[in-house]
Structure formats: C-alpha cells, structure tokens
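Given next, in structure tokens, is a single chain: the form predicted on its own.
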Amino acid sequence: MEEVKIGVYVCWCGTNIAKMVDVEEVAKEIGKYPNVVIARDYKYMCSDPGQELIINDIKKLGLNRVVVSACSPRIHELTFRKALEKAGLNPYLFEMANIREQDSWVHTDRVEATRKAKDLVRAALHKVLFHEPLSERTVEINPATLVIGGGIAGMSAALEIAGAGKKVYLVEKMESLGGMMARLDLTFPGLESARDNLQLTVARVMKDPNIEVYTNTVIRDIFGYVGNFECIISPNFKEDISLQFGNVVVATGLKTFDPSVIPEYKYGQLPDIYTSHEFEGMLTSGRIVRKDGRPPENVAIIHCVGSRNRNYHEYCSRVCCMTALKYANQLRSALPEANIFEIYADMRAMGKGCEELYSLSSRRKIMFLMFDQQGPLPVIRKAGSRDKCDYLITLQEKLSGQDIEVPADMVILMVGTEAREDAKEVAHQVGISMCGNAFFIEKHPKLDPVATTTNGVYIVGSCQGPKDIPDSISQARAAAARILGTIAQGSVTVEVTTANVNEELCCGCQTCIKVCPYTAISFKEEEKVSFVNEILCKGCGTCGSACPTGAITCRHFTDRQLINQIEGLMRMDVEPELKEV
C-alpha cells in the first residue's frame, strides 16, 4: 500500500478571500494534520505560477492527493484538475474547498470566517482521502447539428456551422424564418433597415446546400447524448421524420409582455394606445396615424412596461430604451411639428453607439420625463372636452419632484420581453435547466456562457435572456465555434462522476427514473432493475439521495467519502480511516 501524501493550497484570491480570512493561519493549522505533506498559501492559485506550485510539489514531494481552498468549483475545478493531469496525477484525486462564495463573501467577522475556512478545508481533507482514480470516457461525434429556432441567432449559428462544410438541420415552429427581427422596421443605433439585413441572412440560409430548413415544424422528441442525438420532427405538424446529429443549438427566442394586465395603461380599453411591436408595424407601413386617420400631435412613449417592476418582471428587457429612442427619432423625422415625450424610469443606453443616439435624441426637441418604476406608475386617462388632446398621462416626475400631466393623442408602450410559453417543454426535450424567469441557464455566466450542463446542448440569443441583435449573433457564432471544435476533434470527453446501480440491492421501485433530471435512467423489464446510461448521467446525485435501498452509488461522491467529509466539517476527533492507498 502506498502512503497518502496530501498537498493543501489556500488561495488569497487577491483580497477577495484574504480580506476576511486569515489564509496564512489556515494553511499553518492544516499543515499539522496527518498525511498533509505540504500546506501553502498563495495570492492567486489559479494563475500560472499558482498552478506551477502544485505541479512542482506533486513531482518533487510525490503528492498523490491535492486540496485547493479557493473559489467555487464551478469556476476553477477544471483548471486544477488539468494541473494534476499535467503533473502525471489522476485529476480526480483532487478536492476543492469553497472559502470565497461560501465563506469570505458572506461573513463580516474575520475570526469566525477564518474558523469556518479551517472547517471547510478540513472537510475537504477528510473527503480526498477516499478519492479514487477515475478514467475519462470519450464518444464519437456525429458532425451534423440541430438548430432549434429560425431567428437571427439560430440562422447565424446555422450559417457558421454550414460554412465549415458541416450539415445543419434548422427547425422553425413558424411558417417563415426571421423571428422577432422580422417584425422590426429599423435597427438601433444606426437606424438601418432591419428588413434588408434580415432578407440577406434568410437568402443565405435558404441557398446554403449544407442547411436543411424545416419551417412550420414541431419537435416531438429528442433523445440520445452528446455526439449521438436523435429527434423526431413533424413538418407541417403531420409527417414524422427522424434526424440524427451530434450537437444541439437552442435559439427559440422570447415573446413580448402583454400590457393589458397593467391597469394604469388602459391597453385594450382605449384606442391609440399601442405596444412597441404594434407601432413597428405602423412604421413598416409608412403611415403614423390615429384610429381616425389623423396624424398625432402629441406622442408619449412609456418605458419599462412590464420590466424592472416587482409586480411583473424585475429584470431589464435590455432593448426597450434604445428602441424608444429609435422611435422618437423616427417620429421627429415623420412628424416634425409633433410634441414627443419620452417617459422613462432609467435610460440604459448600453452598447456601441447607443449613448451617442441618446445624446442626439436629446437635441431634437424631445421631452424626457422620469418616473420611479417602483413607485406609482404613470396613469393614462381620457382628456376632457376642453383639452386639446385625446389623453392625459399623470405622473410623479422624479427629477423635478412635481406631479405633472402629459398630453397625448398616441401612446406607445415599450413592452418588456419574457420567456416563451413552450420554454419548459423545450427545456425538458433537450435536458437543460431554467431560471426563475423561465429563461434557459448557461453552464457558467462568465466562463461558459453558451454551453449548458448537458453536454452537446448550447443556448444562444434571447432564449437565455433579453439581448439585442449584435449580442445574439455573437453568442450564435461562439456556440458554432464550440461545436466545430468538437467536430474537428472527432470525439468528446464525457462526465465520469456518474451514478451506478447495484442490481443486487435494486428493488425495482423506479424512484430514480422519476427524479432523474437528465432522463439518464431506464428500467430493465426482464431483471426488474434500473440501469444508468453513463453518457447521459451528469452525476448530480439526485437518484442516489432518493434511492430507498441505497442501491445507487455516485462515483466521486460515495457514502464513505461524504460521511468522512461531514466528520471533518464537524471537527469530530476521529482519525481518518485511510492512511495508505
């Protein structure tokens, strides 16, 4: 038996950890524990010099276990696993303790935070004693790709992949391609024709021999795993077709908020109150007129309708402010004598050229009035017979602190955006998660913004959250690059910390099948036991915790490992069972 030799590394993370945790004291105390050969603290463990410390110690001191106490494993666990691999050590003989998000960032008492850091590192130390080497698995990649959604994001991804000579199946639920962009007149901030740009993109897609387009088509089912997916689609909602592919791009977009639920705005109750998308149609037709055919003399544009409000949606819909400025400029050009009012909560002019459009708009005799989005909303009511307008909008103007009335003959409601009604169905089909607002969740918001926790499934565009056209296209191209990279490799590494069923203990209750979020478990009818597809399994542990007989073991998170980790966390005076491996 080989003696266990553990290296422990405590990260300062600049001041992120060191400000609240005495990292030197943590390393000093942990260094006294049995089997700990070296315990170091370093300012940035994830940096190249920090990784080199680990690599050199493994080689010089013969380390066969490593514990790094730093940030969340979601951020840098893979970084340190690769460092172990580079040093010739199995990457799964590693454990990470989170003393940043779970300690220094959530505490104000330095003494207690330091004590907690010691507990967390000691828990990791106890667990890593029982880690076992795991071997990576790879699967071959089918070079075809399925793109779900024919908006600008979906088409951009399809064109990038097809441009590399790879097959793409583009499936769109509606009768034509274009998505939300097809409803736009001009784009911001340059006020360019959305229709012209979109038509060029659609034409490229339709002409590309590597793109097979299915419009008016629904997806019945998707099954398989990265590299080897299959789905059943129904073109025109009636002829079933089977498609095989290696990766999936989800680009299903979003929908607009229905403002009729906001009583202050009287949408659907009074004429000449339009949503922003209804007004787009008016701009496309070239006629800006009221219901009676007369041009408006007073136009009010109300921002944040359904967005950034705790009663509706608390998030920002991203594009509304700039679209409202676009409208104001189009109105000023079409109706030079009209009074134009921008009634806004905050002006969010993010993006290249957007602040410049805001400045330009402020010089075109457009009145900007601010209200508190969390306070009383502006209220629209019919004007009296003596008023020279159709409506009066009452609001508490935030900058002046006064209650004012704004005249209007036409009101444009800048409606927010929200997830589509079928988002949950799509998420279930492709095996991905949704946030509280029903947008799809990426693997990591900073380090992996287009991938998901399901290997081979990528999310792009506004199905992930509200975003503008350039951001949607950028995401689409990023996902396409990731997919082309895996296709070029020919194979991809899949998760190995998966679940395993002990058939002798399995009672056949199928509880694990019901709770598995990745549909990775099936039932063997003849043997009456459950079976885990280890390619589909993500090692989340849900099945193991739900199994009533303890028949399911999760690799890398065995009962023995977890119990020992708990003992270490509770500072129990228990000598670790394993001193040799």
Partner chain sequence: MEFQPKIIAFLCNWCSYTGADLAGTSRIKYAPNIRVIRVMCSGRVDPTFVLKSFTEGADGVLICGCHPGDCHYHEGNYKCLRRYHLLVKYIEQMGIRPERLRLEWVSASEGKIFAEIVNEMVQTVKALGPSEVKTVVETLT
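For clarity, a rigid core is taken as the largest C-alpha set superposing within 1.5 Å between two forms. Residue numbers count along the first chain shown, from 1. Computed from a predicted structure; not experimentally measured.
One more form of this protein exists, namely the form predicted together with the partner chain; it is left out here, but the text below deals with it.
When you look in the predicted bound form, the only residue of E112, D292, E239, E337 with a non-hydrogen atom within 4.5 Å of the partner chain is E112. With the partner omitted here, the residue from R310, R287, K424, K82 that has a non-hydrogen atom within 4.5 angstroms of the partner chain in the predicted bound form is K424. When the partner chain is considered in the predicted bound form, G436 lines it closely, a heavy atom lying within 4.5 Å. Under a 4.5 angstroms non-hydrogen atom cutoff, the partner chain in the predicted bound form has K116 among its neighbouring residues.
The closest non-hydrogen atom of I233 lies beyond 4.5 Å of the partner chain in the predicted bound form.
Among heavy atoms of A546, some come within 4.5 Å of the partner chain in the predicted bound form. Segments offered: 102 to 110, 295 to 303, 166 to 174, 359 to 367. Contacting the partner chain in the predicted bound form at heavy atom distances within 4.5 Å is 102 to 110. For the candidate spot formed by R74, G431 and L562, every residue has a non-hydrogen atom within 4.5 angstroms of the partner chain in the predicted bound form.
Taking the partner chain as positioned in the predicted bound form, the residues of 530 to 558 that bring a heavy atom within 4.5 Å of it are, in sequence order, K538, G539, C540, G541, T542, G544, S545, A546, C554, F557, T558. Once both forms are fitted on their rigid core, the CA atom of R122 lies 2 Å or more apart between the shown form and the other one. In a rigid-core overlay of the protein, M155 has its C-alpha displaced by under 2 Å between the shown form and the other one. A movement of the C-alpha atom of E101 reaching 2 angstroms or beyond is seen between the shown form and the other one when the two forms are aligned on their rigid core.
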